[in-house]
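Below you'll find only one chain, the form predicted alone, shown as structure tokens.
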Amino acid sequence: MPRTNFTALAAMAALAAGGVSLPGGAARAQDQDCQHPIGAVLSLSGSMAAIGSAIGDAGELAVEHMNAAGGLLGCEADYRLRDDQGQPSVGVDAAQSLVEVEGAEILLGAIQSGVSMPILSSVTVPNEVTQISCCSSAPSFTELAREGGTDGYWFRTLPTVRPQGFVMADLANERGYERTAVIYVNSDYGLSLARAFEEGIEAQGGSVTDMVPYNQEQASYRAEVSQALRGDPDSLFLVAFPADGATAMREWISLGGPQNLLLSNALRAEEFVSAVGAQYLTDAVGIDNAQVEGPSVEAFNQSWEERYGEPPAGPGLHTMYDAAAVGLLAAQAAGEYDGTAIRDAVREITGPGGEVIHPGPEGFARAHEVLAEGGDISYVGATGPIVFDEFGDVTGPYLIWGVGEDGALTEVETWQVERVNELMAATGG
């Protein structure tokens, strides 16, 4: 079922109560009696329920901001979120309903690459709808785009998994890990990241003792953990989502696995830490996409904290907001709610060359004004500057994170894009 949205009137009232004023030329979405459906397909149940719900909130926040700033093409942007249950067939059915029945020309999602791909190939591309994912990082999308299979309708606001794997391999090498076992979710994302890690660590003189896939939402992963331990590893790289990851990690610990732990980006979640126990994770190090510093990031962080009462900690929040914002602003720039026109406008409203637009109602209202005057905008988002290449991919920095004794997620260091590129060049990535 769709999530209950705040109306544009409520959003405007909240802004007024906070003393925020919008430029006088911005129309009010609540004055309109038309709607443009903004579709989103995310995993809201099963092993990804907690992070999926928060990611959904990030998309909703962008839509609220657009409506508070004047709406979309004179109408209200109506956020319609569906649960794919982590299943490709369910995701495709949800996407078909949003696109073919409800008329969505923008589709956000999915989280898992294995769900995004069939949606792209069987729903959005055939229907000429722009699809923007916050979280699907498998390299297969790049290959499909290179072969012409996406027709340019595919974009994503986070980097692919290949650099992640090489950075994690470098972290293992820095820590002196020589024999690393890999347990990974049995999906395009999990396999791609595991293979990139193996390639990266072998390039630096280390080895992978075993790569063990697991299927999601099982009651136990004792068999997989036992298999991973047979090679006598000195460390573990776990590529998982929070619920399943916690189950596997508890069994790893109970069977005496070493606590030299490397964790994938989706495990940067409080529910994972609390389910495992912080005392077992103090030597762990993980990776996630980093946000650069600057006013655009601060604008999003402040908006999130005001809206939800806590800082935006967790995977996919910044990238989902940007995915929604890019789609909305591209539609506004296109001047019509049409998937092909939106596709063609995405690169016009990102990258350098226009007036810089930041997240939030004031930024979006300024975008309305500039576009109405015939000017150009450049959206600099919650993840910083966004530049899509010809395949719909972006590059970005990485955050290296850890877990404090109190269970708090900590920031260890940030790898800027230049450092990532240097590593990839040095190791053949």
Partner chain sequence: MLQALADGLLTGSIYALGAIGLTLTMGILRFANFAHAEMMTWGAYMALGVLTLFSLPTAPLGPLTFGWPLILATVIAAGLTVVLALIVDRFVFGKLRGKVGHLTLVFASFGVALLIRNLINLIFGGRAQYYTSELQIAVPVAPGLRIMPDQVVVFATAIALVIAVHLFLQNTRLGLAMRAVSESPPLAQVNGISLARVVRWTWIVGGALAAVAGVLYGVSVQLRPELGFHLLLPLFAAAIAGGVGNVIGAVLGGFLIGLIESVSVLVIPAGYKLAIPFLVLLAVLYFRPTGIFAGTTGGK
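Positions refer to the first chain, counted from 1. Just so you know, these numbers come straight off a predicted model, no measurement behind them. C-alpha atoms forming the largest set that superposes within 1.5 Å between two forms make up the rigid core.
Missing here is the form predicted in complex with the partner chain; even so, the following discussion is about that form.
Engineer: Any chance all of Ser303, Arg307 and Ile357 sit within 4.5 Å of the partner chain in the predicted bound form, going by non-hydrogen atoms?
Structural biologist: Verified in the predicted bound form; spot residues all out of contact, no.
Engineer: At 4.5 Å between heavy atoms, only one of the stretches 173 to 181, 240 to 248, 319 to 327, 193 to 201 reaches the partner chain in the predicted bound form; which one is it?
Structural biologist: Stretch with heavy atoms near the partner: 240 to 248.
Engineer: Can Arg146 be called a contact residue for the partner chain in the predicted bound form at 4.5 Å between heavy atoms?
Structural biologist: Contact check for Arg146: no, nothing within 4.5 Å of the partner chain in the predicted bound form.
Engineer: At 4.5 Å between heavy atoms, is Gly256 in contact with the partner chain in the predicted bound form?
Structural biologist: Looking in the predicted bound form, residue contacts with the partner chain include Gly256, since a heavy atom lies within 4.5 Å.
Engineer: Would Thr282 count as touching the partner chain in the predicted bound form under a 4.5 Å heavy atom rule?
Structural biologist: It does not: once the partner chain is placed as it appears in the predicted bound form, Thr282 has no heavy atom within 4.5 Å of it.
Engineer: Would you please decide whether Ile349 lies within 4.5 angstroms of the partner chain in the predicted bound form, comparing each non-hydrogen atom pair?
Structural biologist: Heavy-atom contact with the partner chain at 4.5 Å: absent for Ile349.
Engineer: Would you kindly say which of Val212, Ala299, Val208, Val92 lies with a heavy atom within 4.5 Å of the partner chain in the predicted bound form?
Structural biologist: Of the listed residues, the single hit is Val212.
Engineer: Tell me, out of Glu336, Asp344, Asp234, Glu271, which residue has a non-hydrogen atom within 4.5 angstroms of the partner chain in the predicted bound form.
Structural biologist: Only one listed residue qualifies here, and that residue is Glu271.
Engineer: Is Glu271 one of the residues whose C-alpha moves 2 Å or more between the shown form and the other one after the core fit?
Structural biologist: Yes; that C-alpha moves by at least 2 Å between the shown form and the other one.
Engineer: Comparing between the shown form and the other one on the rigid core, is the C-alpha shift at Tyr184 2 Å or larger?
Structural biologist: Indeed, Tyr184 is displaced by 2 Å or more.
Engineer: Hey, the CA atoms of Ser113 and Val273 end up closer or farther in the predicted bound form than in the shown form, with the change being 3 Å or more?
Structural biologist: Farther apart, by at least 3 Å.
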